[in-house]
Structures are given as C-alpha cells and as structure tokens.
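This document starts with one chain, in the form predicted on its own, laid out as structure tokens.
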Amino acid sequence: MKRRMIAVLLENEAGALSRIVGLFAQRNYNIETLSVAPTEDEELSRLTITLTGDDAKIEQVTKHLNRLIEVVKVSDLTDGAHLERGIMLIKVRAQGAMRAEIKRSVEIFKGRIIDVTPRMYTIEFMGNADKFAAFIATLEKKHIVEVVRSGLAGISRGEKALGL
C-alpha cells in the first residue's frame, strides 16, 4: 500500500466536487487529504487528492474519475518527480523552560511562531506530512493542544504540467 497523490482538473461548477467525493464514498475509498481551488482559468478548478492504495486501486480511482463529465484531466503525480506542500498550524503549551525548547525546535524545523500568549504558542509549518510528523514527535503529547492541517497541494517538477 502506497500513498498516492492524484491531481484532477475539473470544470468549476456547482456540484462537481460533491460528485467526485461521492464517487470515492460509493466505492469505499478513503481520501486522506483534499485540496481544491480555482486555476488561472476561471472555468477550471484543480483538485489534489491523497489516498493510500495498491496499484490496482489507484488505477480504478483514475478510471472512475475520468468517466465523470466535469473532469477534464487526471494525473497521478506520484508517477513522476513532484513537489508537495501543506500547512500545519499547531497550538502547544509553552511555559517555563519549555518555551525556549519549543522555540529551538520550531527554528530547527523552519517553522514560525505566529501567536504568543503567556501559556501558549501557535506555530505555522509549511512542508509535507513527514515534516509535520517529525515535529510532532519532538513534543510530549501533553504539550499539544490542537493541530490543524490543510490538504496537500502538489505539482509536477520541471516542464510537465496538468494543464491542457
């Protein structure tokens, strides 16, 4: 079972996203992350989905996606070199000596403290899931108050592009 990242170019119209999510639900496929936004062409949106599955499952997903009328193009980004980024916001208890220790860890992981109170830090990270997990592993669970992550955005490296 491998984690895969699928990019979908679809018509920017009401109900298109719900039909795609419904397709996954009907076939009992679990979406790990989902990110969608309009593209430079106001008539199209780009959807990035991460999921885990074997090659056969991923092939089925891409075939089903290609059958939807609203879908213009589907690409498995993990088939080639690609970049992926997400955002994680994490609120941690930071009191006493822990404040300096957490601050050092944030610097090592190239994060940014974006809110400070006498007892809490809210920290922002940009990167991939491995980076987020590595930072969280440096903290004791009792220090973590809340974690929020965006869906991953992905793009092929070099000249390759999803566009038409």
Partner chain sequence: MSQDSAELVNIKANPDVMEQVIPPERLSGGDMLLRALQDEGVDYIFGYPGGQALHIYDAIFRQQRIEHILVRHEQAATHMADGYARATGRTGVVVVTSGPGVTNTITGIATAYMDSIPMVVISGQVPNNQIGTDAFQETDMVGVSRPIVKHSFLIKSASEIPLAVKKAFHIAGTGRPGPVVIDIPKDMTDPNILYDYHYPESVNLRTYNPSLKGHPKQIKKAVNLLLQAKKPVLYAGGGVVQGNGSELLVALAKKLNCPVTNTLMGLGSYPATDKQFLGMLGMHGNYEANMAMHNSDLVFAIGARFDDRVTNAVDKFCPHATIVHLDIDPTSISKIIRADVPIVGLVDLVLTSILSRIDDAFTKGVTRPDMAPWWAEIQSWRDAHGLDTDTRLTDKTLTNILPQQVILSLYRATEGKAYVSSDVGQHQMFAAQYYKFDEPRKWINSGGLGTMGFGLPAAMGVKMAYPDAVVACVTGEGSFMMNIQELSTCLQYGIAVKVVCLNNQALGMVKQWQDMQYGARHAASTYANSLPDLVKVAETFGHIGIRVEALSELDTAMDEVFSEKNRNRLVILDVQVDRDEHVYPMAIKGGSMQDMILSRGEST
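Positions refer to the first chain, counted from 1. All values reported here derive from a predicted model rather than from experimental measurement.
Keep in mind that the form predicted in complex with its partner chain is not shown, yet the notes after this line are about it.
*Asks:* Looking at 126-134, 113-121, 99-107, 40-48, which lies within 4.5 angstroms of its partner chain in the predicted complex, counting heavy atoms?
*Replies:* This holds for exactly one stretch, 40-48.
*Asks:* Would you say all of 89, 93 and 141 touch its partner chain in the predicted complex, counting a heavy atom within 4.5 Å as a touch?
*Replies:* Not a single residue of the candidate spot has a heavy atom within 4.5 Å of its partner chain in the predicted complex.
*Asks:* Hey, in the predicted complex, is residue 60 touching its partner chain, heavy atoms inside 4.5 Å?
*Replies:* The answer is yes: residue 60 has a heavy atom within 4.5 Å of its partner chain.
*Asks:* I'd like to know if residue 26 sits close to its partner chain in the predicted complex, meaning any non-hydrogen atom pair within 4.5 angstroms.
*Replies:* Close contact exists here: in the predicted complex, residue 26 approaches its partner chain to within 4.5 Å, heavy atoms only.
*Asks:* Counting only non-hydrogen atoms and a 4.5 angstroms cut-off, does residue 71 reach its partner chain in the predicted complex?
*Replies:* Output for residue 71 is yes: heavy atoms within 4.5 Å of its partner chain.
*Asks:* Counting only non-hydrogen atoms and a 4.5 angstroms cut-off, does residue 19 reach its partner chain in the predicted complex?
*Replies:* Close contact exists here: in the predicted complex, residue 19 approaches its partner chain to within 4.5 Å, heavy atoms only.
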